[in-house]
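Presented as structure tokens, the chain that follows is alone, the form predicted alone.
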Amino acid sequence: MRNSNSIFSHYRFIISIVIGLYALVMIPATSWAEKREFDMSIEDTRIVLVGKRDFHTFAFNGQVPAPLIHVKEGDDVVVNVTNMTTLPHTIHWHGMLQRGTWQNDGVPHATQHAIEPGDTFTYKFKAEPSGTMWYHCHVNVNEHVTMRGMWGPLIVEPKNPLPIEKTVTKEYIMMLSDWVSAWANKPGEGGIPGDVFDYYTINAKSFPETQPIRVKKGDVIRLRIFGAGDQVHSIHTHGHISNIVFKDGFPLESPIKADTVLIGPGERYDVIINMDNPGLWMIHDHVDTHTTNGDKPDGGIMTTIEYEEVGLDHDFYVWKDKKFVPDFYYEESLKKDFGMHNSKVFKGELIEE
């Protein structure tokens, strides 16, 4: 028979475990959150969409798309923005609720004065809700967003991801936009009724200067697709079933199975696809005029899914000798620690005037 001291020690050990588990459960949600502070500039840059078709942009940190901001739900985000261009700008944090921080919503004449040339403005807000969000200028959005590349991804990871999210092995950011070459090198102009869009891009590049999506059988990919421009795009993935799981960062009660996803301006859709059909497969905009570069066909919003099982050595494959550039879809940056991730892939040429 155990003596009373050993019985007491046994029960004391059990009670300590119960108390410890209770303490873990009762840890406030704020312990998940952290403060994250970033510095960002707005610069006059020149980027090339395809071939020799360049554009004068007002670029966040000199790149289009802008840096990936990847944080956790509930994080306290601070962004110090310095305007190095000759025109006023702001940043609207599209999708953020700004509870109690409405003056950080980034809308001139409504929530703040625009950031004048040479000035710095500090935005402070809590990252909520979670999901696929983005940020963009809210001054002359018709020009600055549509044709000057003032947009970037803001990914807020949820505290409690859905089971289907846990199956994902690779993630890709695809920001769709459209451009009017008539205003390419006339900053401060454009974005007016009657403009004729003639270039269309994924992450500011037109086919064939986009990049393939490289996978292997068994991968589960997540495409985070953004309508960053002024046009509606219809994204068709060949050979696979797309599971549309999130709209504007929010989970759909009933995910939609489809092979075409319609993306309007400002919208975001998260599409999860099982890589179960090895081959070389096209992803493209099914608005056919959006697969052109100026007056030439076979361009615009197109890319391919490349399975490693089938290889690239096929004489018919347009990209069989293409130099692969990683992180074109921020797929490598999304694997890194939380923070702000600049990318050399998207860096433009600084314009000094």
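Note that residue numbering follows the sequence shown and begins at 1. Keep in mind it's a predicted model, so treat the numbers as computed, not measured.
In what follows, reference is made to the form predicted together with another copy of the chain, a form of this protein that is not presented.
Note on the partner interface in the predicted complex: the residue among Met84, Val78, Ala182, Ile192 having a heavy atom within 4.5 angstroms of another copy of the chain is Ile192. For the options Ala204, Val271, Val145, Val71, the residue carrying a heavy atom within 4.5 angstroms of another copy of the chain in the predicted complex is Val145.
When contacts are judged by a 4.5 Å heavy atom cut-off, Gly229 counts as touching another copy of the chain in the predicted complex. Mapping the unseen interface onto this chain, Thr120 falls outside it, with no heavy atom inside 4.5 Å of another copy of the chain in the predicted complex. Taking the partner from elsewhere, Ser254 is found to have a heavy atom lying within 4.5 Å of another copy of the chain in the predicted complex. In the predicted complex, another copy of the chain stays beyond 4.5 Å of every heavy atom belonging to Ser41. Of the stretches 218 to 226, 168 to 176, 155 to 163, 272 to 280, only 272 to 280 has residues with a heavy atom within 4.5 Å of another copy of the chain in the predicted complex.
Residues from 253 to 272 that approach another copy of the chain in the predicted complex with a non-hydrogen atom closer than or equal to 4.5 Å are Glu253, Ser254, Pro255, Ile256, Lys257, Ala258, Asp259, Thr260, Leu262, Gly264, Pro265, Gly266, Glu267, Arg268, in the order they occur in the chain.
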